[in-house]
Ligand SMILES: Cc1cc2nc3c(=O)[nH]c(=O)nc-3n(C[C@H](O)[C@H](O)[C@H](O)COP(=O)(O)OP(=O)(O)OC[C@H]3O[C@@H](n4cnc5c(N)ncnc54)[C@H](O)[C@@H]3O)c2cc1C
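The chain below stands alone and is given as structure tokens, in the form predicted on its own.
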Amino acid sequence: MEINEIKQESKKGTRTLVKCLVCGEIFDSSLEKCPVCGVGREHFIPYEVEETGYQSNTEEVFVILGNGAAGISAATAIRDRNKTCTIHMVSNESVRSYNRPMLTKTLISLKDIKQIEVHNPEWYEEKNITNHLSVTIQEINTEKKVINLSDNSAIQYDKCIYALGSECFIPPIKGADQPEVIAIRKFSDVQRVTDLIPKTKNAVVIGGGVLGLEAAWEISKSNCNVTVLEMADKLMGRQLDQEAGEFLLTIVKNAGIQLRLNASVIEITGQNEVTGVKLATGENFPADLVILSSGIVPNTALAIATGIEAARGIVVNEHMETNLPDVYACGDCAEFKGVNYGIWPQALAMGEAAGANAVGDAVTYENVPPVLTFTGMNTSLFAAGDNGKTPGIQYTTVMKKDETLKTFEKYYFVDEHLSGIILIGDTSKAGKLTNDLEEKRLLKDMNL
């Protein structure tokens, strides 16, 4: 069924759903944009709700540590299967669950958390979910099954789901602790940027990944001079190949954003306030505001102190179980088979599996393939699959490029089967190509 057909049915009163291929969110088909990641209808596919069939109504107490994508997904999975249990969600933020990917996508226009809330207050009342906000977790006592909080309260639990996510990685750069240096991870970070923008003439973004470019594009709308400093020799090297990276670089520069590759930052200058960013070459870029976008670090310290096994993230099995009984982990803080991409769809899937299995259902998690999207700089980007990144594999490629239309397409094949996609400028075929990628469609059948 085509998306436009679904929309027509929705207008007749039949509520239908779609799934976003980018972030995995499921929502009403009447929406023109995904409420989580902001992509358009070309990234939607029809979705039918699958009834779990599993019910276990008990008086158990479930405590979810964290209220990000994984936490709210776990809470939903629990309530779908257990109508009578008690659910607590704990967060050190002062606001309820929100769509974190929208922080950088709407950096300048975001004024109220209600604009990006996952659910309104009534939803939590209806689901009988208690939020504990603005508190930190002091201790997880797995022997007594008690969570001790910073407000001197304690929650007794039967099952604990650790979903504390991650924090922005702060590079060891001199001057990075100044108040005008901000890593955007929480709504409060956006509020800090909003306060500084009116007096900002020059902004520097350290990091040229998706979040860094999104922030740069948003800040440029406030008539600031914006410079992006990327340490690597290409843009988004994990997802794009050399040609795609160069194509995107040209588009970024044409949008009025300065961008420097191979930029080794050694200092953020200024004493009472930020004045610039200095490179190892001696160059200094003036700055009143600096945005750090240098990746994430999983929040595992509390888990490790509790005795929960962790490597890069908390080690979990296919049921999101940790090495300790009745303790599950999911989202950016967890890793399965050594993998954690730190992306929204992975957090959703992990959270659902953790919540379902904590109730007693048998849901097996499989790693979610990473998808890269970017909208800004007067362009859009979509990349998925293996774009020539696996050593020892022989790839066949097909590339189409139009400098006038500013469009770029590249397809990677392994043994004549589609393995990767890169689209820049025109991403309208993303939905269809995602299906082709899942089916590993043959080159001869793709009419490229």
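Values in this document were obtained by computation on a predicted structure and should not be read as measured data. We number the residues from 1 along the sequence you see.
The same protein has a further form, the form predicted together with the ligand, not shown here; the description that follows concerns it.
Annotated contact segment (heavy atom within 4.5 Å of the ligand in the model of the complex): 100 to 108, selected among 235 to 243, 195 to 203, 314 to 322, 100 to 108. Looking at Trp217, you'd find every heavy atom of it more than 4.5 angstroms from the ligand in the model of the complex. Using a 4.5 Å cutoff between non-hydrogen atoms, Thr375 does not count as a contact of the ligand in the model of the complex. Using a 4.5 angstroms limit between non-hydrogen atoms, Thr227 is distant from the ligand in the model of the complex. The ligand in the model of the complex comes within 4.5 Å of no heavy atom belonging to Ala329. Three-residue candidate spot Gly71, Ile184 and Leu302; every residue lies within 4.5 angstroms of the ligand in the model of the complex by at least one non-hydrogen atom. Just one of Ser264, Thr136, Thr130, Thr364 comes within 4.5 Å of the ligand in the model of the complex, counting any heavy atom, and that one is Thr136. Of the residues given (Leu164, Ala358, Ala287, Leu213), Leu164 alone sits with a heavy atom within 4.5 Å of the ligand in the model of the complex. Residues of 332 to 367 placing a heavy atom within 4.5 Å of the ligand in the model of the complex, in sequence order: Asp332, Gly342, Ile343, Trp344, Pro345, Ala347.
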